[in-house]
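Consider the single chain below, provided in structure tokens and representing the form predicted alone.
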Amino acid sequence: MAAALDFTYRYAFPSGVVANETGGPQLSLATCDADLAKPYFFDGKLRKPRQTGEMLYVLSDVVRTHFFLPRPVILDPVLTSNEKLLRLEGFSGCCGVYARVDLPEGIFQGNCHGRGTTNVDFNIDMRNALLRLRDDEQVEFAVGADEVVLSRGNQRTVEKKVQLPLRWIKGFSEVQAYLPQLEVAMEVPAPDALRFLRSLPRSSVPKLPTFAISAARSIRPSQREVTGAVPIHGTHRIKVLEPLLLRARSLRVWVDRASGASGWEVRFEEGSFFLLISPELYRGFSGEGQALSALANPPGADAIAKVRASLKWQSELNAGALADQLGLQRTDVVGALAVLGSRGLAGFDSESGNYFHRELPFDLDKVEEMQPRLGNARKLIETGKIALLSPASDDAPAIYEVAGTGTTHRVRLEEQGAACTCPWFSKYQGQRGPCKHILAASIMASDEEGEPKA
């Protein structure tokens, strides 16, 4: 069985659509945080109830789905509140799909009462109610223990004991390494995007990837890769977006050319729904290891501490502005944010190119202990199984020798990337993060010269 952490969710009341004092519908989301408190973040009226309801329903769909093997549903989305927007994030059960809903202040008529991150209860009744929301209704929105709900006697404690998989926590850590690498591949009007999604094969286990191709300001599928095409492994993973395109403005497609991961952003007049899918159907973000380099070669502890102390639930964290404010180099701030992102303390918004502050409602103090490759790399150094064979020069990279089981591996640290002779690197070519040998060499290079080398 996969490793897991026991975690107890306590909700003040079940999420749902309830009657308010005037008899109208009120969308009320019950929340839970790591301290089992019942935060009260926001209450107000929805300007576009139907659009918001559909976005939250699709997010719930993603969180409840395991895209290649059926498994029990055990997780609820994570919500972050600040003065500018509400963000809801979640992973599919297989951790191969990351979804995020951004609800800016213009969607609401109301005020933010607090800033923080918490879990949100999406039960079956709540999901059904979301689909019944209509724009001609006056729908109030509340996050936390809303006083209307309390005054109507709806407050009660609902506990559900679950095992929280480590892969879900690691998924949040790993996805922050992919998002900064994304670039816009195309953007098409919503009607064209809807036709494209409806034309995709429904098979959940395709033998070959399907490619999304930009064609005359539209988009079409192809089984042949051409320049600029975006690969899709498991087309059913993006077909979940179909219901959102009926009221959307456009679909923006992002891609990381190096890995093959892609982002699918449904854009509305106000608000957006972002979906990131892993490079292959059977690859969950939790097992990728892309965050390992940031964890192995962090900036100085002082820089990380300064950046950590400056986090105040900002919706955007501009590295340059933060560097000026803290008296640090921009590269150190970027490195510190990457480390904090790997610890669940920051997310990344590809559109703005900035991080945002949020703290996952779980204890992430031992994140590095959940990375066996990093632990094994440090063990190689501690036991003296790695040595510098030849230092770097103007025309040659640094080369390290690492003692393995019955063999010796060689690591080359070059400007354009590291390479190793081990079977792991030969198989994945760095696509799933560095091997333990490269990590060990990188740590040694950083210790010897005072700066990260990989």
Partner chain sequence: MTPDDLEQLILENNDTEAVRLAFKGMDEKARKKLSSTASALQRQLWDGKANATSSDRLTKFLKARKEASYTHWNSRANSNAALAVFAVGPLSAVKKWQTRPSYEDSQVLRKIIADRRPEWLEDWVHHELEQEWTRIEFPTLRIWIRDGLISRPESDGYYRLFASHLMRTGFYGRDKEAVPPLSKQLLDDPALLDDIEWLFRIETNAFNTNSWLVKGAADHYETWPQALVKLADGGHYDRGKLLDLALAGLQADIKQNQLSGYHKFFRLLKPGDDQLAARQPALVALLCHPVGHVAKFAIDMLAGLEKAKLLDDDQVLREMPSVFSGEGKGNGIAALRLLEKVARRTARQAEGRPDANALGAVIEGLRHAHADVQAKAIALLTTYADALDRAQWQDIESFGAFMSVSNRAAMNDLLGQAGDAIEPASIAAAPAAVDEAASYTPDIRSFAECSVLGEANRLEPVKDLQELIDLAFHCAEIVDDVDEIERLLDGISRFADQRPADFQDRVNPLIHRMSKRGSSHNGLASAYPGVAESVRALVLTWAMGELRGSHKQELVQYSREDAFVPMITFLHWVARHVHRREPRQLLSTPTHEGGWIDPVVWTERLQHLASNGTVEDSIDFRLSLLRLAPDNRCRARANAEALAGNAGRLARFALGGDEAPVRNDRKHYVSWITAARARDPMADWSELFEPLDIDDPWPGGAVPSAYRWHSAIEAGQHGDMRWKTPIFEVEVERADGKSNAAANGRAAFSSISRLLGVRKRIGWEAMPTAAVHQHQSKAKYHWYGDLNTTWVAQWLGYIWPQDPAFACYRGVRKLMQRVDDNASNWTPAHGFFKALFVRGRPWGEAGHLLLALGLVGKDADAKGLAVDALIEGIETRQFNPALFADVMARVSAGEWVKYNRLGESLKQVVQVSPVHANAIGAALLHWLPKFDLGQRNAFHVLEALVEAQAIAPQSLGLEARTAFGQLSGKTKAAKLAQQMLA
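Numbering follows the first chain given and starts at 1. All figures in this text were calculated on a predicted structure; none of them were measured in a lab.
There is another form of this protein, the form predicted together with its partner chain, and it is not shown here; the text below is about that form.
Student: Here the chain is shown alone; which of E137, E316, E187, E270 has a heavy atom within 4.5 Å of its partner chain in the predicted bound form?
Tutor: Of E137, E316, E187, E270, the residue with a heavy atom within 4.5 Å of its partner chain in the predicted bound form is E137.
Student: Can you work out which of K84, R115, R308, R220 has a heavy atom no more than 4.5 Å from its partner chain in the predicted bound form?
Tutor: Looking at K84, R115, R308, R220 one by one, just R220 meets the 4.5 Å heavy-atom criterion.
Student: Does its partner chain get within 4.5 angstroms of any non-hydrogen atom of S199 in the predicted bound form?
Tutor: Contact with its partner chain, yes.
Student: Can you tell me whether E242 touches its partner chain? I mean in the predicted bound form, with a 4.5 angstroms heavy atom cut-off.
Tutor: The answer is yes: E242 has a heavy atom within 4.5 Å of its partner chain.
Student: At 4.5 Å between heavy atoms, is S393 in contact with its partner chain in the predicted bound form?
Tutor: Outside the cut-off, so no.
Student: Classify S352 as contacting or not contacting its partner chain in the predicted bound form by the rule of any non-hydrogen atom within 4.5 angstroms, answering yes or no.
Tutor: Judged by the heavy-atom cut-off of 4.5 Å, S352 is well away from its partner chain in the predicted bound form.
Student: All three of R47, S250 and N376 touching its partner chain in the predicted bound form at 4.5 Å, heavy atom to heavy atom?
Tutor: Verified in the predicted bound form; spot residues all out of contact, no.
Student: Among 316-324, 85-93, 191-199, 260-268, mark the stretch whose residues have heavy atoms within 4.5 Å of its partner chain in the predicted bound form.
Tutor: Flagged stretch: 191-199.
Student: Is any part of 405-444 within 4.5 angstroms of its partner chain in the predicted bound form by a non-hydrogen atom, and which residues would that be?
Tutor: T405, G406, T407, T408, H409, R410, R412, T421, P423, S426, K427, Q429, in sequence order.
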